[in-house]
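Take a look at this single chain in structure tokens; it is the form predicted alone.
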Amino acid sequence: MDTPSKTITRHRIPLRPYLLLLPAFLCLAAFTYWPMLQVFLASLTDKKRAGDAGDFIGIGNYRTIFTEADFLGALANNALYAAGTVIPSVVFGFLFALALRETTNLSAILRSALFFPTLVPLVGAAAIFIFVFMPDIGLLDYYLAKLGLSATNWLGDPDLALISLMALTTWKNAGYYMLFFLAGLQGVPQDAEEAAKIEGANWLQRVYFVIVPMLGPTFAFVVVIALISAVSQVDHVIVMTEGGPNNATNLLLYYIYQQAHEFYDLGKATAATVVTLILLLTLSFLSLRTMERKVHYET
């Protein structure tokens, strides 16, 4: 029979795991949660610049931005931009991984070539694409002219400017997502594919019914980081269009940048930041829940 002292020892809470987690928690609290709390508190004031005290105005900034055409336009642009970058980037990344799944000298070279755009800083990529999209003398118009097509003002046309930014983002991110799918494909059992092949499934059927379900966790992860990328990158907007023409490329982060550093309205900038974070967290949560329900877990 256990003595009272032994019983107390058995139910003692182990401290070592919490002590090991303490440095990471302190870093998160200092550099993530505390700044987020400061941003939220600033969004409830009429603060104009960093260092100002500002008066408490409650949800006044939130009411203002949700009645402001610029913010609603940026929200709509960002939704289009996310749809126009996440879907093609993920699809191309998956197809690249499927095509280069086998490890050969040629596939290693092609993988490196497709991954190369990821290594180019976004500002540098934007500078390159300014030349590509330049009217009349740009690389794209040069080859289109050889096909008999007239010159197009890709970055100056409100109907084409956002699509041009989407093309840049897709070019830059597809190779990066390919790496995750290549890693995921290593975990797909060959037996399952061989069994499907014996049953008479063609290549497309094997991809749709065998490979895609088994890559559910990979798809969920890649979609979430693609969504974060679509909301958190603004360098190319600043370099290529500055939100124009006619606010056609004004994304949420660029709107926040303008409010904070051009219009000196920190209250509105922080309110828009809080709204963006809530949207991002909601989309990430829904994406993970939706895609993980279709996940096949190997036993």
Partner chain sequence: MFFRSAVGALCAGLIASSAVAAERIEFMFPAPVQGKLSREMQKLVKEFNSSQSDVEVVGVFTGSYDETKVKSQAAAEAGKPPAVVLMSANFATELAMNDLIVPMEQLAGDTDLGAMMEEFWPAVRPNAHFAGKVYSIPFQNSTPILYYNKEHFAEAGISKAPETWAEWVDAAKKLTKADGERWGIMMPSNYDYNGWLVQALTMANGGQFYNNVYPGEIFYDHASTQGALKFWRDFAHQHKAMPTGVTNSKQVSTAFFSGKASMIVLSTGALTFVRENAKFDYDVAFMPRNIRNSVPIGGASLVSFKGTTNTQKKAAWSFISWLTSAEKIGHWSRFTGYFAPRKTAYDLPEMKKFVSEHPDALRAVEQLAYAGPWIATYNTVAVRKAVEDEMQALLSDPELTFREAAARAQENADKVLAPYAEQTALSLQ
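Everything numeric in this text was worked out from a predicted model, so none of it was measured. Numbering follows the first chain given and starts at 1.
Heads up, the form predicted together with the partner chain isn't pictured, but that's what we're talking about next.
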Item to complete: Name the residue from F131, F116, Y208, Y143 that puts a heavy atom within 4.5 Å of the partner chain in the predicted bound form.
Response: F131
Worksheet entry | Contacting member of G216, P88, P135, G124, with respect to the partner chain in the predicted bound form [4.5 Å, heavy atom] | P135
Discussion item. So, I238 and the partner chain: in the predicted bound form, are they within 4.5 Å at any heavy atom pair?
Written reply: yes
Worksheet item: Hey, in the predicted bound form, is P245 touching the partner chain, heavy atoms inside 4.5 Å?
Response: yes
Practice prompt. May I ask you to state whether Y257 is within 4.5 Å of the partner chain in the predicted bound form, using heavy atom distances?
Written response: yes
Item to complete: Check whether F31 has any heavy atom within 4.5 Å of a heavy atom of the partner chain in the predicted bound form, and answer yes or no.
Response: no
Discussion item. Using a 4.5 Å heavy atom cut-off, which of 226 to 234, 45 to 53, 32 to 40, 270 to 278 contacts the partner chain in the predicted bound form?
Written reply: 45 to 53
Worksheet item: What are the residues of 145 to 165, in order along the chain, with a heavy atom within 4.5 Å of the partner chain in the predicted bound form?
Response: N153, G156, P158
